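Presented as structure tokens, the chain that follows is alone, the form predicted alone.
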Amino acid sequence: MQRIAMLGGGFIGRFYAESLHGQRSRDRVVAIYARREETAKKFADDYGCSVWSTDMEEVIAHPDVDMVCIALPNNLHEPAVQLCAKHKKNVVCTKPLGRNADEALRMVQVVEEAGIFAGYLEDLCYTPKFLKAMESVKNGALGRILWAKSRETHPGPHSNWFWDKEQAGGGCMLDLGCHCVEIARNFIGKDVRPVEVMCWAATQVKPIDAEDHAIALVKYENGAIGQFEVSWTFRGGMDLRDEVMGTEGTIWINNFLRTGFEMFTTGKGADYVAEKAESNTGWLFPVGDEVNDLGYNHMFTDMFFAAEEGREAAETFYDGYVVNAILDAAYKSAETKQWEPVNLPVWRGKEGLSQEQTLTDYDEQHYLIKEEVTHDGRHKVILKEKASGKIVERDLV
């Protein structure tokens, strides 16, 4: 059993608590820290916490606490992690790990020096569909991964601090892009080094200093490309989609918006439908089990078993640091309008990879480019001559 101190009693803290008191059921949130007394009291009442306080260190240091769960604004992640290290308390932290890679790396270093467990709460890398897709990728069903694309768009976050660039560290790219970058890293291989980023970002709609829309390409050392599309200006709910393309196959995933559950209502008796839903009338797209479909259940199960078994979770603070470094390059690229290198002074993956060449012999003289049956019934092949490099086609009998 994990006895958990929740830091933050807002939207994400409550989502986490719903999952923590659900999946394994033996784990309990026993303490709550919130910056406002009324928030802390309400959370304690709702989830049966015996300890509540507006003093963060008091909650972290409490003897009844085994594990600290950080569900705070981005600018408070590092101070909270520092306190966990000081009091030797295992910690899991919501995404993004830091506002930038420098913050994230300091958090990696402090938990490692303290010898405490540290997990990165990247829930979208634990959704049931993602886990199934990863199993197929690891088993080679898609061959060599060439391209991994992830999209998260919705009308914007729930709390005011997200919209404050100083507290949040950025806009939709940091808030949503952290998910998308880590999804692509998993499919491409987290031990494959990201080398450079090209990004467009803009503030198109919202009256804020940070970006509300961004698109980027992330180039990896083995030649693979990661791509993300993120927006706080999308209308119609929350759209979570992933695409993976390999030499032997393709995967398309729709995690949230259109998943086969559709409902029409005039609105009578309707209230909450799904996270980021913009309406409770008309055609709606509810979610069957929101905390499970968004990955929270599988995420906490992995985190707590990892802590108890003395191993790393599937998502670590180091992963959060790499994600921050990629996003730092994206922000710089959005300013310079050119490819920018990913600065990773601490890299723990493979070194010196090069782009693989996949050449399929057709016969001794030719490589196979494509084989097909045309609309008029011809069976033909397109070939490349090995000696001359000439492209030719041949009809087969």
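The shown structure was predicted, so the numbers you read here are calculated from the model rather than taken from an experiment. The numbering used is simple: start at 1 and walk along the sequence shown.
The discussion below concerns the form predicted together with a further copy of the same chain, not included here.
> Which residue, N292, N75, N100, Q109, has a heavy atom that falls within 4.5 Å of a further copy of the same chain in the predicted bound form?
Comparing distances to a further copy of the same chain in the predicted bound form, the residue within 4.5 Å is N292.
> Within 4.5 angstroms, counting heavy atoms, which one of the listed stretches 174-182, 75-83, 160-168, 113-121 is next to a further copy of the same chain in the predicted bound form?
Partner-contacting stretch among the options: 160-168.
> In the predicted bound form, is there a heavy atom of a further copy of the same chain that lies within 4.5 Å of any heavy atom of Y318, even though the partner is absent here?
Y318: no contact with a further copy of the same chain in the predicted bound form.
> Answer for G260 alone: is it within 4.5 Å of a further copy of the same chain in the predicted bound form, judged on heavy atom distances?
Yes, contact at 4.5 Å.
> Is there a non-hydrogen atom of L359 within 4.5 angstroms of a non-hydrogen atom of a further copy of the same chain in the predicted bound form?
Heavy-atom contact with a further copy of the same chain at 4.5 Å: present for L359.
> My question is simply whether L105 lines the interface with a further copy of the same chain in the predicted bound form - judged by any non-hydrogen atom within 4.5 Å.
Looking in the predicted bound form, residue contacts with a further copy of the same chain do not include L105, since no heavy atom lies within 4.5 Å.
> Residue by residue through 170-190, tell me which have a non-hydrogen atom within 4.5 angstroms of a further copy of the same chain in the predicted bound form.
Nothing in the stretch sits within 4.5 Å of the partner.
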